Ligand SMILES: Cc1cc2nc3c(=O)[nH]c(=O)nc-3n(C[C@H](O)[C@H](O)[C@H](O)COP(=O)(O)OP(=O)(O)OC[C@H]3O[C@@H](n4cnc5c(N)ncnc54)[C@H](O)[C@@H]3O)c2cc1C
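The chain that follows stands alone, in the form predicted alone, written as structure tokens.
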Amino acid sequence: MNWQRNLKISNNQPLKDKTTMRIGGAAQFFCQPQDLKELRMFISWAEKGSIPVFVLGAGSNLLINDKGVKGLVLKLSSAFFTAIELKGNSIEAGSGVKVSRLIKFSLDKSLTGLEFLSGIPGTLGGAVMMNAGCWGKDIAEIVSQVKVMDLKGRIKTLKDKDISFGYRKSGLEKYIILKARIRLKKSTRGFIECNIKDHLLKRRNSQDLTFRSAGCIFKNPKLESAGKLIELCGLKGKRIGGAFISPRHANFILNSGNANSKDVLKLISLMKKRVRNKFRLFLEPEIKIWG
């Protein structure tokens, strides 16, 4: 336990306020490594105790059980993991960099290609891990390489061709993403600003941003819209406890202010059941569920 104290590992760290949905219990163990050396030490400590490791980004696309998370939760938010560098017409950034900051950096450098992610509240690491996308585009199209660490502390750099990107997946689950390089193109500031505004407007017009959410709950089935299927089941506005299905976009579950994970999980189960019974389609969660 002395080693744990020297490593600045917190016990029973509340996670609720570290998620976009503002739901969830505490992490059994929680830490914020300052650099690669500390990250390796935390991973080694967890391995010695057979403790599961979780990486927390911006807490979007994530539902944490109110009972909490049994394991070590890492948050890569130090200066080391949030650095951004310009590499010609590419940007190399740490996994802890917020997507919004990355877009602002690309705008300042007159580089286009990231605007479609405008309004997404995640980090670069989370976006790469789940191959985030919208409006017919995803981040896999512009990732050229990703630097990762495995749970033995070994580091490798993966080229885009070595990564198994697919719809809302990357195949990188066995790694901790350290940084990624994004391919962009030169453009004018005015063009990029216009794109950002257009995408933010589309997001405001299609989603309810008044209440807390975890983003889209389900992946879209092939050639179908999960939101439309849920809507056709008459579930828009359906409420359980403090959680309710968005009246604007049925693939969003919103927190009215006092929702808990049980409320959300019951709604998720109801949505899956209704769509399965009506359309014989199985909805696959897009969000991660911890605990």
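In case it trips you up, residue 1 is the first one in the sequence shown, and so on. If you're wondering where the values come from, they're calculated on a predicted model, not measured in any experiment.
Here the subject shifts to the form predicted together with the named molecule, a form of this protein not shown in this document.
- Although the partner is absent here, Gly113 lies well away from the named molecule in the model of the complex, with no heavy atom inside 4.5 Å.
- Proximity of Pro221 to the named molecule in the model of the complex: non-hydrogen atoms within 4.5 Å are absent; the residue sits far from the partner.
- At the 4.5 Å threshold, heavy atoms of Tyr175 reach the named molecule in the model of the complex.
- Put simply, Leu62 is close to the named molecule in the model of the complex: some heavy atom of it is within 4.5 Å.
- Not one of Ile91, Leu107 and Ile182 places a heavy atom within 4.5 Å of the named molecule in the model of the complex.
- Of the candidate stretches 184-192, 151-159, 82-90, 210-218, only 210-218 has residues with heavy atoms within 4.5 Å of the named molecule in the model of the complex.
- Along 79-108, a non-hydrogen atom within 4.5 Å of the named molecule in the model of the complex is carried only by Ser95.
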